[in-house]
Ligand code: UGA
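Take a look at this single chain in structure tokens; it is the form predicted alone.
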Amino acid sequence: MRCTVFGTGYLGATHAACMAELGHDVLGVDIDPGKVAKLSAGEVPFYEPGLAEVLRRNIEAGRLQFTTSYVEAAAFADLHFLGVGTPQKKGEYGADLRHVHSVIDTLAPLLDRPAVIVGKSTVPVGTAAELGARARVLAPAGDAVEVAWNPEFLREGFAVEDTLHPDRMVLGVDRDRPGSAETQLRQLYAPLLAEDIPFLVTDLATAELVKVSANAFLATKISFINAISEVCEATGADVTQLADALGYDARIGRRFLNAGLGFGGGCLPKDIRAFMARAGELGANQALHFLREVDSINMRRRTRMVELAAQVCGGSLLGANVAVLGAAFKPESDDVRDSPALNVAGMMQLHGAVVSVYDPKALDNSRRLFPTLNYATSVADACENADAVLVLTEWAEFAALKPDDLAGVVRARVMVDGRNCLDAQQWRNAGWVYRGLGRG
């Protein structure tokens, strides 16, 4: 099959490359000539394990191309994916849909034959129906243009795997306007459906709500265990053992019950806020009022980490040398959007600490966002003469650290485990002061 993918950021580039990997002819479209040039040369402008190899393989095979031309895209295919960003509006909770509207406003007037536009971006419920009406008014093909919604469920660091081997696929279609979206998507995803991956066909609103509901649930689970960790700190209990015990209950499960610094990135924080904003617009704001506390608990972890760092440095961060291991919001990513690690590093600097940050992949992005911080080239470099070492992103490299690795480098043997990924007893037995969130 032939298809286009509008937007070549994290979502769009991954989807385009993976659809080509399935054997289809794909044209990625972006208004940024620099991004198009990089991708055309086989360079991924962000870090995602395995994606560069998939990208280059399919460019070389002639199945994957990139362009800035909407005219070329409209002529290339009749199946168009929409994968542009929907960031949080400045000063508001709601999602900024300017990029989504721009694609429809530019593409639709070029559609002079039947076409299917399939949204993958995370949008407020009701957006797909609005875009469908808008596209049909603008397109010469009129009612022959169909808008469907096929939300993504990608985890950064596992995006290729999640695209080629998803745990489920959801397609929302306009029940009032039967079209060919389901038939075309079943054909496009035939290799995946052959693996018996569940394929759920819903109405448009349900498909839009699936993604934000999934993110809201995950955020709630993370904030739940972090709220419990505050009680653990007050009582001397160990939140990691408590989470292990809870995890044996099949109704609860152990995943996403890791207490620590909390969530960040370009999805969960802005998605739950946009969900709250949309619920308010629909008159259902009380239904999602609990998400305000979920957000509050999450943000409170960051200030708690700064307080904990000050405690282990003798009550004040003024003049303290602090090593921060981790800058990306999660491991296997270079994404620093709303990164708890960088946020904490910046706050500690404002409290007078000399902060040295190291991350295996996110240093360049970190420098652009927080240019005043000091950046190290290795763990040892960051920890040199440190009064405290903080693990704030659970990269495997950091989780594998042993006390002897740093004993001859630091000034004070103080470890603050912001992700509860280290063996507390091992560090304490080696003579280190070890502190973890929610671990007594």
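Residues carry their position along the shown sequence, with the first being 1. Computed from a predicted model, the values in this text were never measured in an experiment.
Not on display, but discussed next: the form predicted together with the ligand.
- prompt: Since exactly one of 354, 288, 257, 242 fits, which has a heavy atom within 4.5 Å of the ligand in the predicted complex?
  reply: Of the listed residues, the single hit is 257.
field: One residue of 186, 155, 113, 292 in contact with the ligand, assessed in the predicted complex (non-hydrogen atom, 4.5 angstroms)
entry: Comparing distances to the ligand in the predicted complex, the residue within 4.5 Å is 155.
Interface membership of residue 329, the ligand in the predicted complex, 4.5 Å heavy atom rule: Close contact exists here: in the predicted complex, residue 329 approaches the ligand to within 4.5 Å, heavy atoms only.
Residue contact check: residue 211 to the ligand in the predicted complex, 4.5 Å heavy atom: Residue 211: contacts the ligand in the predicted complex.
message: Quick check on residue 263: any heavy atom within 4.5 Å of the ligand in the predicted complex?
response: Residue-level check for residue 263: yes, a contact with the ligand.
task: Indicate whether the ligand has at least one heavy atom within 4.5 Å of a heavy atom of residue 15 in the predicted complex.
output: Contact with the ligand, no.
- request: Tell me, please, which stretch of 89 to 97, 187 to 195, 130 to 138, 265 to 273 lies within 4.5 angstroms of the ligand in the predicted complex when heavy atoms are compared?
  value: Contact-bearing stretch, as computed: 265 to 273.
message: For the stretch 213 to 232, I need every residue with any heavy atom inside 4.5 Å of the ligand in the predicted complex, listed N to C.
response: Contacts from 213 to 232: 215, 218, 222.
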